[in-house]
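Heads up, the chain below is alone and in the form predicted alone; it's given as structure tokens.
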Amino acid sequence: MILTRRNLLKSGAAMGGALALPRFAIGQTKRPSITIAVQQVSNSASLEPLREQSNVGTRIFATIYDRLINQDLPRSLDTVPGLAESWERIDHRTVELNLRQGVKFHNGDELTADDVVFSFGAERMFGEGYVADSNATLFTNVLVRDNVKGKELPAEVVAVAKRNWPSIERVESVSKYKVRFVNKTPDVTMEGRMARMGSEIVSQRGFSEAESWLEWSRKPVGTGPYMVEEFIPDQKLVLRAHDEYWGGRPPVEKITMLVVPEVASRVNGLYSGEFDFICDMPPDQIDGIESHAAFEVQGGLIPNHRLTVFDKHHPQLVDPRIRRAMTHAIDRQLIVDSIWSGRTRVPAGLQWEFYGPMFIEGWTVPEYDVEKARQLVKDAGYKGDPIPYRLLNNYYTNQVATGQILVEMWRQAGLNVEIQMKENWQQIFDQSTQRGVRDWSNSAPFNDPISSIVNQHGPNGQQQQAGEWSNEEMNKLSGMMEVETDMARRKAQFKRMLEICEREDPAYTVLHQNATFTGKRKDIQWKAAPSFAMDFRQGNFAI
């Protein structure tokens, strides 16, 4: 039975002590069900990773899907064997992978090479009529789309597929349990691309039997430890254990994710026993939650940075000096120390140390210098016309508070930035009125700059696809870097990209590294990943 606050009070539980009693007896044999309160389940009302490229999507996809190469979620996010037991780099254009045998999809079908070929094919990814190369065999056996059933792919799906795999020539079946990826051009990042969100493997039969793409996207068929039982957009997602999971029987019978936008409601629900986990906790809530013996908070830094993004076509932002002024007017350390209680940090621009040899040592975000910002504003001849700042209501942790602080910092530099509250991402990107500034975050799905600065801000990236920003040299460098195999030259290209995007012709400015915090019942043994993803596989959950 789920304990309510009233039941707890009847039992004599004091609000200042251990509030919620465990719902499951320690040592029980029946698997528990858990409830997780989240800020949002899906931005696009979809569970298809090629459509739902978001932080909230990242949280759930590791439970529904596997990739050929997975991330080691409970530990370092290093790549580990997933649906592929092993792989071999044949040359700069070719990777061969050996599939696990006996892997079952949620519909009971066995995974074979045909499912992998389909997962990276026209009907799932690239759209009808897409031909990568005249000699390609990738699209010879795909099913003909039935337009009456509405199986046309949304434009966003095709855009993401081409962004993630800009030069794939073919994926072919070598044998029942062996596949070969062949790129049109050299690409040292192919293995990383296989491990990123958007490269999930799906059931060919499951996709084909769906009456429409929408039906598929709301009840997809993967190989992950949990399968979709019910999905009501903007309300809840219910997942059921997939007992034939190749990685071992899942330890939870049912996972229910409830959309609870208000932080206070999530916290109170944890205290009352309504929720077992609560996500997206602001740092100022941590001490309060941990003051109760029955609860704890887990989490910390993740490979994701919060950004402010510019639309350079707005009349007040055409001059790069205004955008540069905005980058110098921000006291990022003050934001980290005050709003985040020092639990995150100001990073070295849009990069992460796990890039290894590709990390640009000595690079920093633009220095905080109000006088420099004021001089740039003066030199640009800015007359005080308003600059719109489109803002969501705390989609990101502390988003509104951060936006309000930024507006005041920009005001100190002589810039008139006006907040425009919006309800959803469609309104954020709407072009019917002039856009100026917006919030965003960028992740690094694998350990190479291609995964972030090129993927998000290059010619195929969302910022350019949305018509906000473009730079000819940046686009040329992006194309060069994607085919370059000499690591020293690739590193020099990356450094030049940072100079363009963060200094000369700002596309964005990094605010801080992101961190995510999850409140939970202390009697549940569970470890948060250094990621938005939540892992409930065998070995990472016990009561």
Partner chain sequence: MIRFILSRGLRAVVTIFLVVTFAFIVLRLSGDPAMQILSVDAPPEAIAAFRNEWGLNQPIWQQFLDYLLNVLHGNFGDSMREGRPAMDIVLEHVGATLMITLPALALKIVIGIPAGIYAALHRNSLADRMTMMISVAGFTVPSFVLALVLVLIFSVHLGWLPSTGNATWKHAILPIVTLGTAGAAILARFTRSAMLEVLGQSYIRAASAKGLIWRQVVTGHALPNAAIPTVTIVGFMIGSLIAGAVVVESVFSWPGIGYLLISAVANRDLAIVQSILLLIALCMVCANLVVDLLYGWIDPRVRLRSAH
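Basically, rigid core = biggest C-alpha set you can superpose within 1.5 Å across the two forms. Numbering follows the first chain given and starts at 1. Computed from a predicted model, the values in this text were never measured in an experiment.
Omitted here: the form predicted in complex with its partner chain. The next part is about that form.
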| item | value |
| --- | --- |
| One stretch from 407 to 415, 252 to 260, 115 to 123, 369 to 377 that, in the predicted complex, holds residues within 4.5 Å of its partner chain by heavy atom | 252 to 260 |
| F359, W363, F429, W246 - the one with a heavy atom within 4.5 Å of its partner chain in the predicted complex | F429 |
| Contact residue in the predicted complex, from P320, P282, P154, G288 (heavy atom within 4.5 Å of its partner chain) | P154 |
| All of S265, G269 and Y395 with a heavy atom within 4.5 Å of its partner chain in the predicted complex | yes |
| Proximity of K491 to its partner chain in the predicted complex, heavy atoms at 4.5 Å | no |
| In the predicted complex, E274 touching its partner chain (heavy atom, 4.5 Å) | yes |
| Heavy atom of T94 within 4.5 Å of its partner chain in the predicted complex | no |
| Close approach of S44 to its partner chain in the predicted complex, 4.5 Å, heavy atom | yes |
| Residues of stretch 432 to 469 in contact with its partner chain in the predicted complex (4.5 Å, non-hydrogen atom) | W440, S441, N460, Q462, Q465 |
| Exceeds or equals 2 Å, Cα of D430 between this form and the one not shown, core fit | yes |
| W87: Cα shift of 2 Å or greater between this form and the one not shown (core-aligned) | no |
